[in-house]
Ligand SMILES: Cc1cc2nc3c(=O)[nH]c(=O)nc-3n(C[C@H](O)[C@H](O)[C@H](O)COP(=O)(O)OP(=O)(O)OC[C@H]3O[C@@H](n4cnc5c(N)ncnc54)[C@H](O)[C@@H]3O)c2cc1C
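In the block that follows, a single chain appears as structure tokens, in the form predicted on its own.
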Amino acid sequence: MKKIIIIGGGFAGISAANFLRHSSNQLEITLIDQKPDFNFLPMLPDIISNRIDAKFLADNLQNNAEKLKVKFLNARVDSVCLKESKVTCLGNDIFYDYLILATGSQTNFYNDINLQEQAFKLDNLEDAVLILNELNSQKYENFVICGGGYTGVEIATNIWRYFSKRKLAVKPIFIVEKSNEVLGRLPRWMQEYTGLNLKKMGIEIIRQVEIKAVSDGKITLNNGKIFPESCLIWTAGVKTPDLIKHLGVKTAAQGRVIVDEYLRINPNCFCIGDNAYVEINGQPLRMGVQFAIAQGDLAARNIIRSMQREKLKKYHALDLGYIIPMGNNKACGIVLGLKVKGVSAVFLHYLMCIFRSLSISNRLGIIKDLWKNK
């Protein structure tokens, strides 16, 4: 039996495990993740506003593994040796015939230990619940979100929703962005739509500035502006986990691994999802659930084809689009090449989230909460 190890139980890793198990029973598949649960990342901001209960965005990896007859190790991977085809975990060396790296991404604090200790992030369910608990404490006078990308906008608007749905006075919310505009890499019409919507909610965008210092709830910008008694949420970039950094392979921006046209690092190691660097028309493919799922499927297919000595399939990214949902039931995006905005865009976002949820019970829970908290 061929031994296959998948590191990472996110969308990419689960997709690969599903395809492999349904393709052959003659495989020894081991899924490794230091988290016990799969987290449904696209809806984490909804936990902050308490629109969705966190329990509906988690799926137990051990239970999923048992259904697939896959071995699950809830542990941290210490190292990977590509030359010797082995993974070191829990003090043991586990050798493999094929390896799939699907470790995802995490918040990048740019080696600033003080910032990492004092700022909140949004990498998983626990982070989202922690921010909600901080909102419940009512101890902050300002909320400062550093980074005006997708995540920053969604967090800011869900903090606004938290206060408005409880008929509380909305505390000042600021998005600090070092460039000229939020959603800087997206089309101009989306930047304008989002900017106008943020303004309607009273969320202020502070452009072309950076965080200079953070100390005991006081945030100082490099333009001299100071926010006392403030909650800082850091969304100013992501990177791959340190495990990837120590592989000794070529990487690009954000530490993403440069893969070949078949999503490989070498003949028996595939790299997929957020930690894989793929270029489309000379531009890096953005991190996204749809790409992670498709790459997981293709990596698994190519492992089967490799075992059968068949020609491998090349990866061709199919971009169905993306949507930026905001807490006041407005959204904007591009779906199948068409512009969508307003309530209809929100509907499409949640429809896709429900479709991609792993279990029927979670789908029903999401639907119930969306209806209750519309």
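Numbers for residues come from their place in the sequence shown, where the first is 1. The structure presented is a predicted model; accordingly, all values stated were derived computationally and were not measured.
What comes next is about the form predicted together with the named molecule, which does not appear here.
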Just to confirm the contact call: exactly one of 202-210, 277-285, 174-182, 73-81 touches the named molecule in the predicted complex at a 4.5 Å heavy atom cutoff, so which is it? 73-81
Consider Q34 of the chain shown here, and say whether it contacts the named molecule in the predicted complex, taking contact as heavy atoms within 4.5 Å. yes
Look up in the predicted complex whether K330 has a non-hydrogen atom within 4.5 angstroms of the named molecule, and give yes or no. no
Can you tell me if T103 lies within 4.5 angstroms of the named molecule in the predicted complex, counting non-hydrogen atoms only? yes
Could you confirm whether P241 comes within 4.5 Å of the named molecule in the predicted complex, counting heavy atoms only? yes
Check all three, G10, L41 and H349, heavy atom within 4.5 Å of the named molecule in the predicted complex: yes
So the named molecule isn't shown here. In the predicted complex, which residue out of F227, Y150, Y193, Y98 has a non-hydrogen atom within 4.5 Å of it? Y150
Since exactly one of L122, C269, L232, L198 fits, which has a heavy atom within 4.5 Å of the named molecule in the predicted complex? L122
